[in-house]
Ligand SMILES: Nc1ncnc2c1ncn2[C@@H]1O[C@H](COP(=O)(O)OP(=O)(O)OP(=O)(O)O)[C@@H](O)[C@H]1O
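Take a look at this single chain, the form predicted alone, given in structure tokens.
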């Protein structure tokens, strides 16, 4: 893939599925989906690799499908990251402003200072997200470049993950001949496609309920303030159904999708359906309300855990825009109503919007992270171009100042 083509690739490695997307950037900011490769996930549990060869094989199949449909050879990609090994912390960095006017080097030094925290040797930094700046005690500054002052302070949200877990994911990707250009935490990728600008500014939480994990990111004043990953998800609902109704996992997943509901009160108490349980000679009839009770209990637990995390973060009173649910498990009927009831805030279900190209399979909450990886890649590209422009402008100004000085000094 040549840079002139403006081709970007995202690989969403989930517990339930692996999705590889290839897109072309058009008109500077529009993404056209050129290639899609979706493959059932193997060798992963709770977002982490437990069987390297099986995971690598499933990923290779996904990549091959995306290469075949797009016509491009993939050699680098952004890769999603999840799992309970992910943790986050807020930190502050303070530096003196050289020359009295803030430039990009000052911001870089402030962010470096914010990263100067004690991190265990078996962990590595995944993201350093600047929240806001202050200059000489003046808070709430979003873009300090060009502003006058003596002391620059940045507040940053730092996300770390297990080094060994990330290295195992890298090995899976490398087995397909692809280099990981960056890991992106699931809820950050999802937030790029499901949140409106108003929700980001007012305060909202993105809750991505996947198969093996539930991921959350809190946005306030347009920035990420808190992130977390819970090692529970839709697969646990399926497992509960399989145990409670004595069914194979595949059949439990099927009836969850076909007859499931997250609110017992919304189900007709007389409604039934038939299944063939383990060891059963004939199909047995099951009350749909019994299925709903199993689903509701597990989904309640997930939302209570999320609510507990929000309260622990201290931002529970700063989310007037409520929660935005996404991920495959958010599609269970009644999930939105249950979330709003337990968490006491507005809730809505969101999915990728305004996609062009090969999008038939992607217009669902299950692919918010997959599409979000492409949006994140686009965001990185735009940021790099902006920084290059600013540095070029800064160098040009410095050159002009030098010429002016020489004109005044030389006869």
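Numbering follows the first chain given and starts at 1. Just so it is clear, the model here is predicted, and its values are computed rather than measured.
We do not show the form predicted together with this ligand, though everything after this point is about it.
Against this ligand in the model of the complex, the set 212, 235 and 329 is in full contact: each member has a heavy atom within 4.5 Å. Residue contact check for residue 366: one or more of its heavy atoms lie within 4.5 Å of this ligand in the model of the complex. When contacts are judged by a 4.5 Å heavy atom cut-off, residue 240 does not count as touching this ligand in the model of the complex.
In the model of the complex, this ligand lies farther than 4.5 Å from every heavy atom of residue 24. Looking at residue 123, you'd find every heavy atom of it more than 4.5 angstroms from this ligand in the model of the complex. Residues placing heavy atoms within 4.5 Å of this ligand in the model of the complex fall in a single listed stretch, namely 248 to 256, out of 196 to 204, 152 to 160, 248 to 256, 315 to 323.
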